[in-house]
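Structure 1 and structure 2 below are the same protein chain in two forms, each given by itself as structure tokens.
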Structure 1
Amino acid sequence: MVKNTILGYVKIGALAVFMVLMSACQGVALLDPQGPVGIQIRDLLMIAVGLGFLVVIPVIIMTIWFAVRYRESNTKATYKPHWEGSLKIEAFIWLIPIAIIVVLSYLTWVKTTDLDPYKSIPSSEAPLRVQVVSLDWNWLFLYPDYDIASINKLVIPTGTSVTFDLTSATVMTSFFIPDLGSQMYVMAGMVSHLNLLADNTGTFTGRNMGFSGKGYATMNFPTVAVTTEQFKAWTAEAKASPTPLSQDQFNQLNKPQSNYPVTLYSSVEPDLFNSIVAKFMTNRQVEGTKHGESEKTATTVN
């Protein structure tokens, strides 16, 4: 009776967990990736979880089985108060965790190289360069090859590797498009890099995963993956925009504000991205850079 009751609870619990996991899968972008990087990350997560279950599930089953088998009312169970260690049990307890650690170590070593965010992604099209600037609390995207920009909306062509150069005009944030994979920290005075690729068209949500003040919760942006023809049409639309991104316009953007409306810019202030990075350099760094340039000029002249 007790055994049947416990098994019934186990079945109900397993069914509930299964239903929760299945419903969560539909809403978790990491489990439905739209690019090669996201697919590798998903597979790695699934392997890690599966290896963990090799330990967790037997422990749960054995705990329930021991509780039922060796309950006080079961007179059929063998009673050995002076039971000593078993070589088979010790081998089972230690060898399986060791094997799991070895497999995880190997995967960590291999995937650290395979999923290097600085590693370029092979594609049939030339890579697209996008410069990303984190603001309070918006995202600015510069397309240096097209001399256009947009705020709070990222548009990329499918099947094309996208190389992101990321910096911040304010505090440290974190750039993450879960559907495409690879989170990357964004820091003021520094430039980090990230390579992603979208296999399918669609709109994916990009997020700031680093808390950066009161506007953090709304610091999201749509990532729209379109066909090559649609991307060309979008760049033409941006070029036709009446608004250029001048230094004065950027200064207006670079103020604490949330939910700035999506805007396209027909041109970008020359070298704007580098000037944002250089703004956070110390006087000593600036002087050192100028000194190095002077020496280089003097050497060239001589």
Structure 2
Amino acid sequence: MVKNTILGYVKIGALAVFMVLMSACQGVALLDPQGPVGIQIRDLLMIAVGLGFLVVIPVIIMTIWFAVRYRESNTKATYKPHWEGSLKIEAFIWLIPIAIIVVLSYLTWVKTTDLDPYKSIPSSEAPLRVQVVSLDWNWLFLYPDYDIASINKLVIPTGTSVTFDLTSATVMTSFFIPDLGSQMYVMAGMVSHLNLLADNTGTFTGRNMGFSGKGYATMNFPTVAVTTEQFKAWTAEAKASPTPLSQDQFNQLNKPQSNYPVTLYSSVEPDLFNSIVAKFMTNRQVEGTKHGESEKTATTVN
């Protein structure tokens, strides 16, 4: 009877804690992900934290327990000033961390392969390609499949694997949409890749994670995940924009400035993305920068 009530309280308590944690997780982007990459990494994080706690919690408990039990004033406790070691305990304290790290290494092996940012994500829709150019201090998005472009606003359809080709027209930056998953460095003269997918519609903040100077803190952009139909409508809206992204227009964008107002471009100067990459590549082979190419070698160009 008493036991049942206690159990009941424990259940209610656990539920309450769970609810609090869940509500706390809202706003904590990494614990409340909006796409499969983020979800898998969150689960991996939870398992790794669990494994870590296997060592951390005993260490903390033992520290406090031993400190209290073997305090000087407690003359009742055993005192063995000459005790220097014990093979059994030593074996134990080497084997426990080894066991945990072996498990974690295995997980690392499997999950790092699974979550390779260069791997496209299986989805029913054909993947969407977006070329990303990091500027000082704005983000330019080119949609080669639609011949449109947008600055400081990324629109993607849900349920569709998005393949980002990333390059920088200036210093190195890092492209990250915390709600969706992995970040990737963005470097001049080369193209790195990233694949993400949004399960749910919504607006998620994307940002630069690599310090790049004066305008770095505000180098953010809304990532708007919409349904496929809405996405179609948006591309049409872009097509209807009065401004094309000509070379001239790009040169205007490619100047140190912050918070450039969101603008859609109805067309894109042919080969603009490749020319941005190639600009830094005098005397070098342009390699792995062709459309759709996602070979690993591309990132560490030559």
Partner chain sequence: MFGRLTWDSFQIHDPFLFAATVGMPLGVIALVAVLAYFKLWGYLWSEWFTTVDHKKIGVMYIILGLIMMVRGVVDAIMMRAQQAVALGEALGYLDANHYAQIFSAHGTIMIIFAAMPIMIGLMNLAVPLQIGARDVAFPALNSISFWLTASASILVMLSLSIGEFSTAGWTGLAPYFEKEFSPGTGVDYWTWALQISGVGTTLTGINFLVTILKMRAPGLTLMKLPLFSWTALTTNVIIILSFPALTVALFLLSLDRYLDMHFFTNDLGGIVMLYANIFWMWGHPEVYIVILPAFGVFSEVVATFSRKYIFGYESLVYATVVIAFLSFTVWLHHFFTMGNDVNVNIAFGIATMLIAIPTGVKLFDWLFTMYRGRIHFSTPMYWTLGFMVLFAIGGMTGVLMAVPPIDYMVHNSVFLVAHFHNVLIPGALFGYFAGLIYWFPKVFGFKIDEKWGKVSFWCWAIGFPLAFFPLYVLGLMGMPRRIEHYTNPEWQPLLIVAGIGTVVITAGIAALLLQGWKTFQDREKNADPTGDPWNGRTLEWSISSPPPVYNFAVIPQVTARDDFWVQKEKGTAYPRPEKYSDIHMPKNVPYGVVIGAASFFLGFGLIWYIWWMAILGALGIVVTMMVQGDNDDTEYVITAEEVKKIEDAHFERLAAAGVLSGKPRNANQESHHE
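Computed from a predicted structure; not experimentally measured. Please note that residue numbering is based on structure 1, beginning with 1 at the start of its sequence. Definition used throughout: the rigid core is the maximal C-alpha set that superposes within 1.5 Å between two forms.
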Legend entry - Pair member that is the form predicted in complex with its partner chain: 2
Legend entry - Rigid-body membership between structure 1 and structure 2: residue 184 with residue 42: yes
Inset, instruction - State in degrees the rotation separating the positions of the smaller rigid part between structure 1 and structure 2, with the larger part superposed on its C-alpha atoms. - result: 11
Inset, instruction - For residue 78, tell me the Cα shift between structure 1 and structure 2 once the rigid core is superposed, in Å to one decimal. - result: 5.2
